[in-house]
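As structure tokens, one chain now follows by itself in the form predicted alone.
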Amino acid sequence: MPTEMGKSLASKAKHQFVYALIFIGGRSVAYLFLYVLVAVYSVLPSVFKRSQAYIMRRFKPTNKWQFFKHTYLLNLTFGRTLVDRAALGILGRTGVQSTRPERQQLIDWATQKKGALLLTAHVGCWQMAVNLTGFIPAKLHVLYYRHPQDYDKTVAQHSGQDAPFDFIDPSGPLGGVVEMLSALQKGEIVCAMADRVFGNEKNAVSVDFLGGKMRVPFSFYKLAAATGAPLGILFFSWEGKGVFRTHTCPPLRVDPQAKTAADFVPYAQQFASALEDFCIKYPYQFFNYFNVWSDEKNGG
């Protein structure tokens, strides 16, 4: 995994300035500031190179203007999701578009006391959505690495209230597997990003994604096989100012006899296919800012 992953682009002072704008004028005022800030950042080589692989594959721009346009819109959408996350903590207001069956599925998993794995990705407004899980009657754990130079405050840090979940740090010797296993055995829920390899590349498999091969971890499917916990795939799209929508896939039951990396490829591919569908529908909401394609130079 790239050492710069998770590091904030903007300085701590710029973050504080945006937070002040939200407090004084709400989301709309902060959005206005983003138009200029994102335009400046999008022309910096260190910034546009981070999304270059995705832009080229998803949009196939034929000139520099098209490349800049797609880069700008991608970064602008990402900035808006970060503003909305901060606004949730500062203003305490947001909108959620989800169906009753989607919410009931999460409640059912929690009440069965068998534990569950919820897999998502660095798309849409995952950072905001995970804070609105208070309706789930089970303890929630989020696998999350925080870079020392990540200056984005969490919703809980803004609001001064406890987060409705605990963090599991994947940077330890076993990548948080022991903590995840313990949580599942207690009937609790673990939420993790399944689109990024953190740690040993031997713990990843190759799957098809947007016309190439992407490496993704298979430890989540291995845990599901070992514990019998159901596995859900869900994404959260940004729908506009302070509003997001949930997108869920039918739950997976991993074969308990699955043992080898090859055994888990079909499950990892289902995740990658769902992610691809999301990126086709929401092209400017893929925020895995590095080259995830293993069949290209400097791939993930």
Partner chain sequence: MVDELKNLIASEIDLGGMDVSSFGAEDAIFGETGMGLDSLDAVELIMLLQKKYGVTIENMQQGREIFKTLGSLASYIEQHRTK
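Residue numbers count along the first chain shown, from 1. Worth saying up front: this structure is predicted, and the values here are computed from it rather than measured.
There is another form of this protein, the form predicted together with the partner chain, and it is not shown here; the text below is about that form.
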Is there a non-hydrogen atom of Asn203 within 4.5 angstroms of a non-hydrogen atom of the partner chain in the model of the complex? yes
May I ask you to check whether Asp166 falls inside a 4.5 Å heavy atom distance of the partner chain in the model of the complex? no
Spell out, yes or no, whether the shortest heavy atom distance between Arg196 and the partner chain in the model of the complex is within 4.5 Å. no
Does Lys113 make contact with the partner chain in the model of the complex, using a 4.5 Å heavy atom cut-off? no
Site check Val36, Ser46 and Leu76: each within 4.5 Å of the partner chain in the model of the complex by heavy atom: no
The single option of Leu223, Ala87, Ile189, Ala121 touching the partner chain in the model of the complex, heavy atom within 4.5 Å: Leu223
Contact residue in the model of the complex, chosen from Leu210, Ile136, Leu91, Leu181 - any heavy atom within 4.5 Å of the partner chain: Leu181
Which of 215 to 223, 123 to 131, 76 to 84, 102 to 110 has heavy atoms within 4.5 Å of the partner chain in the model of the complex? 215 to 223
Just to make sure I understand: among 239 to 260, which residues lie within 4.5 Å of the partner chain in the model of the complex, judging by heavy atoms? Lys259
